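So this first bit is one chain, no partners, the form predicted on its own, shown in structure tokens.
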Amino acid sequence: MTAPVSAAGSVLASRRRGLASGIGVPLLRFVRAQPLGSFGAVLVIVFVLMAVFAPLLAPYDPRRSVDQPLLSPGGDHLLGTDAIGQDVLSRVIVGSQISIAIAVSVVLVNVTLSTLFGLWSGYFQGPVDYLIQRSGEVWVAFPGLIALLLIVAVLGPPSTEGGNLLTIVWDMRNLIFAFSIGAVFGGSRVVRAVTLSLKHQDYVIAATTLGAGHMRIVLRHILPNVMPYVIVAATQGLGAVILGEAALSFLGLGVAPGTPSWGQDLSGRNRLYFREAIWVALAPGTAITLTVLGFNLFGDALRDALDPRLRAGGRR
């Protein structure tokens, strides 16, 4: 009985090693080829985990005054306290939920709708293509920030009591809707341009000649070649959404007053004490910078890894 058991154990161990090597080799190759992109990926993972586990990681309630105002970093408050005695570290940690939840939600909506609209416009064209493209041009005619301000002013600023990310997403639906409109129109134009190019490739023409249906051509031949562009654009768009949310919150049209938010912590009462207590601005500002930097570096690395033209250029 010992020999079969040991043989089975060796087979399982070899399978685990094969799986680990199958995952580890491409990952190691990516790290070596894209060191900056790997650094960006680490930053992204850190802030995403921070957002997911924020209620457990925050040492204090970020909505309550827990000590004297404007205490210097150190001791019980690693990043000090703000103008009303709230713990800065707790507000930075919990504030990551707002930025990550809005950014990921907007990108998911953007990827779904822009891919659908772009594929339909580029492949079928016709009246639907005309309507989508003209609507996008009308939207682009408005300055982006002004359009966001108008939408949020009409719908009203969101308010959230915190909790898990799904609850925050529902509470922030007004902001998500405002950001998604422009993202969908911009993303659909990219997908449409790629689809128009792929539509006239030889393999698509051959599939059409052999009698393949439109749905089969789109799903099997065009969509897989469009997805790299969609993924790269989505990754880079995350940073833009985070900056946009911070800008709206800074102007007072983002989250409700008192809500832990990186943008709001840069405004309000704290703005009066930037010189005397620089940490109240440095902490949320650094969090915004590192998060956007991480998404941008990771997006650039994905572009280099997924774009066949860049891969071919690197092999020369």
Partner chain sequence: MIRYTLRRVAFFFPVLLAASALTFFAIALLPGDPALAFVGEQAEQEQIDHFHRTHGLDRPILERYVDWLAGMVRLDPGRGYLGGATIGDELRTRFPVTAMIMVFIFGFTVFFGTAFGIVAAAMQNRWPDYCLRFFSVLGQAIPDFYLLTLLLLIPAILWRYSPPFGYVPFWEDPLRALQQVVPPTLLISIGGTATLLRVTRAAMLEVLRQDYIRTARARGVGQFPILLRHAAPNAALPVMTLAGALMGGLLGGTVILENITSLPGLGQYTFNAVVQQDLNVVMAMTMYAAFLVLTTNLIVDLLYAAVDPRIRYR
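Everything quoted here is computed from the prediction, not taken from an experiment. Residue numbers count along the first chain shown, from 1.
Unshown form predicted in complex with the partner chain; subsequent notes refer to it.
Q: Given a 4.5 Å cut-off on heavy atoms, tell me which of 135-143, 84-92, 200-208, 223-231 is the interface stretch with the partner chain in the model of the complex.
A: Comparing against the partner chain in the model of the complex, the contact stretch is 135-143.
Q: Answer with yes or no whether Ala305 is in contact with the partner chain in the model of the complex, where contact means some heavy atom within 4.5 Å.
A: Contact with the partner chain, no.
Q: Indicate whether Pro69 is a 4.5 Å heavy atom neighbour of the partner chain in the model of the complex.
A: Taking the distances in the model of the complex, the answer for Pro69 is no, it never comes within 4.5 Å of the partner chain.
Q: Just to confirm, Val154 within 4.5 Å of the partner chain in the model of the complex by heavy atoms?
A: Yes, Val154 lies within 4.5 Å of the partner chain in the model of the complex.
Q: With the cut-off set at 4.5 Å between non-hydrogen atoms, does Ile278 touch the partner chain in the model of the complex?
A: Flag for Ile278 set to yes.
Q: So which of Val128, Leu166, Leu78, Leu150 reaches within 4.5 angstroms of the partner chain in the model of the complex, heavy atom to heavy atom?
A: Only one listed residue qualifies here, and that residue is Leu150.
Q: Quick one: which residues from 185-204 get a non-hydrogen atom within 4.5 Å of the partner chain in the model of the complex?
A: Nothing in this stretch is in contact.
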